[in-house]
Each structure stands twice: as C-alpha cells, then as structure tokens.
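Form predicted alone, single chain, as structure tokens, below.
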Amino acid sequence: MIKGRSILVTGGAGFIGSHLVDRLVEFNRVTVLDNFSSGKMEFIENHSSNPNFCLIEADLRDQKAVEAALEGKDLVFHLAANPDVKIGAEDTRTHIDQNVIATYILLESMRKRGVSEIAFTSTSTVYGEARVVPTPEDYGPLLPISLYGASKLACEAMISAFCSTFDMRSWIFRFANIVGERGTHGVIVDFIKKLEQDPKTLEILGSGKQRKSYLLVSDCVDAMIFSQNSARGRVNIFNIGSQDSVDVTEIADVVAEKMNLKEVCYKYTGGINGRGWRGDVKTMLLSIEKMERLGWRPRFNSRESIEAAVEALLDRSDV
C-alpha cells in the first residue's frame, strides 16, 4: 500500500491508469494529467469531488503544463502513451512523438522540479521474439519487432540514464496483455464489436494460434503498487503477467460463449507467417519469478482473466 504521497499519474483517465487512480486516491493526493486522446472522463469523474483528486487536461509534450503539474509531487506513475501497436507499420512518427518525446519531456521536467521517483508502464514487446519462454527480465539482446516496442524500450533506456545521471529512482513494468473493465482496445474488444455486428461470423487476424499471456487489470494494479512499495533499487525492472498463456482462438471461444452465440464461423486472415499484423509477436509468456520472489503472485490465470474481462466489457453499452 502506498500512503501519504503526492502523486502525478499521466494517462490517469485511461484503462489501466483509471484503475490505478481508484487505488491511489484513497490514501494519497493524486493529480491526473491526460489529454483524453484515448482516456475517458467517465473513468475518473467519480473522483471529481474528492479533495485528494485533481485533474489537469494537457498534453505531455507541453513542457510548461507538465512542469506545473509536477509542482509539489514526490512520485510519478507514467502511463500516458499511444498503445496502438498496429499503427507503427503505417505511421512511423506517432510512437516517437507520443511515447519517446513525451517521456523525455516528462523526465526533463521532473529533473527541473526535483521529482526523483518514476514508475513506468512498459511492455512485453520490448523482448521481440524471445528465444527463451517464459522470458525473464535479464533476457537479451532486446530486439523489438514493432515500433511500439522500440519506443517503449527507448523510454526504458532514457529512464535508466536519468536515474543514473540525476540521482533518480524508477520502477519499470513490462506488461503482458492487460484486460478487464474499461478496456478500450485489444483482441477482446475487437471480437465483441465484430460479433455485435455479425453474430454468425468472426474475422480473426492471423492464424488464431498466436499464444500469449493475459492478466486482469486488478492484478496488474496490485503488482504495480506492491513492487513500487517493496523494491528500492535504482532501476527496478519487473515483468507483470500471469503464469500461463492462451491462444487467440480460445479467446474467441470465450467471447462467443459469454455472448451466448453458437456455431460462430471463424475466418482467419492468415496474416504474415501467422501474425495478426506487422509487429505482432506470435508467442509471449513472461517469467514472473522476480515478482514472486518479492512476494506477489496473480490471483487469476490467463483464461480466468479473459473470462472476467469479457463479462465486465459486456456489461458496458459502449464497447
């Protein structure tokens, strides 16, 4: 549990960010900075009357706004980013601007304001197509195959350098696929939307055999808070995921079942060598032994996380 801190959460109106804010605001002063490019006001509006909560609508690339938001803060949770992995194959600039440049401006603003602690949400895609599965944090070389993964790896490198150069401390979280209530993108959201439009046929990108690890967002937030509170190294890097994996076809089965649909015809696009898109890592399972040694383990496996996420998303009318 984190208590008594003054915290800036970038991207705090987003999927994971809003769940994190829910947990932090009870015992801390929390400021959310979000430009609402993908975040939603409805995710955080229940905190609007809480004296521990403040919202700043601004872009991380506005350095004056960022410096102002950092006034009096002692910890930053940096979640703001463009999370669309697919877009990098068509637009090579977006992830540089919204992930790398934005992170640099945040770090430079922290340096100027004397804020020395940052927790950063990275991604399993920094590993690329790892030869070691489950993949540990010390695996290398790190050779991402998407511009999204490359941008997150660049952010990790900058954070490490700022920590060493300017006496800062960081927690870097390499996520598996995080799913759950308020999810706005990803395979589950994609399948629900498609089946709402056509309950008989479901297009599945790639071969359907892409096999990855999934984690419920509540477990993810638990892990972030637990590790930030427990690990005190200069640069603390942790995989956050489940202990198993499922393939895309199994996810389609769960979605169809939860929507009470029978005899859905699956149509696979085949993709590039079975990938769903350029930059799609076909097999991903993270080793979470480091987090387990710290004292944390997930409550739900991949299948259970997906089932809970589908149920939560079907309860929403705007998926």
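Values in this document were obtained by computation on a predicted structure and should not be read as measured data. Start at 1 with the first residue shown and count on from there.
A second form of this protein, the form predicted in complex with nicotinamide-adenine-dinucleotide (NAD), is not displayed here; the remarks below concern that form.
Contact annotation for H185: at least one heavy atom lies within 4.5 Å of nicotinamide-adenine-dinucleotide (NAD) in the predicted complex.
nicotinamide-adenine-dinucleotide (NAD) is not drawn, but in the predicted complex it has a heavy atom within 4.5 Å of G11.
Proximity of L60 to nicotinamide-adenine-dinucleotide (NAD) in the predicted complex falls within the 4.5 Å heavy atom cutoff. When contacts are judged by a 4.5 Å heavy atom cut-off, S37 counts as touching nicotinamide-adenine-dinucleotide (NAD) in the predicted complex. Per the 4.5 Å heavy atom criterion, nicotinamide-adenine-dinucleotide (NAD) in the predicted complex is contacted by stretch 81 to 89, the sole one of 204 to 212, 81 to 89, 128 to 136, 155 to 163. Proximity to nicotinamide-adenine-dinucleotide (NAD) in the predicted complex holds for all of G17, T123 and Y148, with the criterion being a heavy atom within 4.5 Å. With the partner removed from view, the residue among S227, S218, S109, Q98 that has a non-hydrogen atom within 4.5 Å of nicotinamide-adenine-dinucleotide (NAD) in the predicted complex turns out to be Q98. None of M168, I178, L75, V189 but one reaches within 4.5 angstroms of nicotinamide-adenine-dinucleotide (NAD) in the predicted complex through a heavy atom, and that residue is I178.
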